[in-house]
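Taking the form predicted on its own, here's one chain by itself in structure tokens.
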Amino acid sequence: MLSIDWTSQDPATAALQTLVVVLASPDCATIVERLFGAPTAQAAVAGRFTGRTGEQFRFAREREGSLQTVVLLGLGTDAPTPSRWRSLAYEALRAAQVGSQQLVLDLRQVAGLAPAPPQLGNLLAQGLELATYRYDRYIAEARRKPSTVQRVTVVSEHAAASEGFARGQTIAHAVAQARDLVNGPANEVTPTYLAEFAAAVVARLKDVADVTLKVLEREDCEKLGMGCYLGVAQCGPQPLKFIHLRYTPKGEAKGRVCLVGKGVTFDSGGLSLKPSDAMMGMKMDMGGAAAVLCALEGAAQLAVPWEVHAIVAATENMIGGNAYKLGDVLTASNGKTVEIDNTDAEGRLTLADALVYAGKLQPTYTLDFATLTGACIVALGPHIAGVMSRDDELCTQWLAASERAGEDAWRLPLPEALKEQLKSPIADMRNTGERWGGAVTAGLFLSEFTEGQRWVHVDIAGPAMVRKPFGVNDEGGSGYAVATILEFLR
């Protein structure tokens, strides 16, 4: 992790140092002239730097006998959101000169726009740490380009913001672990690998927190009647693993929270086979599983006051002579029968049995996370998760946590009338509806397995699987939902 410190004074200029000065749009040229002189201000104006979001202007100066790289970084014109503060820190570290060992991040010109100090420190630490993230495990060492920054000094009047650094770094570490799982190739990150990762979480936390693990094998799932999950898993060459990771806080818990994550480690579409270009990113179809497993570890490290359960029905969705077929009828563990009309709608089948399992734990809240539907991306774009629930209070709490954490989400409806699309002539329901409203009918399907639970469904298909970099995310897995889960549990 980075060494991050905080000061209200100008730090000494040193070799291999990059200074990033954050500026907002109003009176930007005047401030640059006051800080760096008229020639620099004129050059910034000529370079069309106005302090708009993400704008940069770079120059070098000699100071105290050292050559210092200076970057002016735009904060924007509107009141910055938590997401913007995370992104700002990310951009600042990524802007550091190649070879720089220290980043000085000067926020004094925008101090009046900052959130409460501990939250500011939390968001900045997340952005700074995530800017160092690279998934380069399979790249030759000579071609790797790791960040060289080792130390960050934040200059601001808000000295108390340093109180949030440790929390932010813990969250960023959990996000980075989730990214590693999602970015890992499917021949490595199998259901067994996820179970071993969960076991490693228990081992890492043995001296820190009370965390236990139960892994159900096929025979265990058969005894529990998990017919929907077993149907999806019956063809895959990799054995299924139903993972149940549990964290118990010290003292009396505020309640019990079940985090259910979709854990399809590779999704070919089954007999409803995906085309090659659509299959290419399907190693990432376990982004929900990665989020809940890594969030639980973060929750234990942060000693949240809730009992937390991470539940993952891990499997592959493959083709072969034993694959489940269109027209099959599967029976879930709550007794509901499901006619299969699309084997590529497999995630909701695995989640169905996982949600029933969660319900038997009598949770205070149940939240599921799944890269579930392309329809959600069509509705909300690639950066925003779709949130569905009939529990207005719980949904409001989740969306508020999402905003504070800097992860974008938007509520979608669950109209009862659309359940008509899920009707089957030979079973209780079908596993898909019509093309229109596909994200919503997926949520309606899941709702049939949450009886008696205060439940929220989060479709993370867009932000969890990044195709074009945005915010604090490069292409690949983002670790989306980890930060919001930890904010929700705060």
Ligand code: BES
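Position 1 is the first residue in the sequence shown; the rest follow in order. For clarity, every value in this text was computed on a predicted model and none was experimentally measured.
Same protein, other form: the form predicted together with the named molecule, not shown, and the subject of what follows.
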So the named molecule isn't shown here. In the predicted bound form, which residue out of Asp267, Glu407, Glu129, Asp368 has a non-hydrogen atom within 4.5 Å of it? Asp267
Between the options Met226, Ile340, Leu245, Met284, which residue brings a heavy atom to within 4.5 Å of the named molecule in the predicted bound form? Met284
Tell me, yes or no, whether Asp344 is in contact with the named molecule in the predicted bound form, where a contact means a heavy atom of each within 4.5 Å. yes
Determine whether any heavy atom of Ala375 comes within 4.5 Å of a heavy atom of the named molecule in the predicted bound form, and answer yes or no. yes
Would you check, heavy atoms only and a 4.5 Å threshold, whether Val458 touches the named molecule in the predicted bound form? no
So, in the predicted bound form, is Thr432 in contact with the named molecule at a 4.5 angstroms heavy atom limit? yes
Report the stretch among 416-424, 274-282, 115-123, 384-392 that approaches the named molecule in the predicted bound form to within 4.5 Å, counting heavy atoms only. 274-282
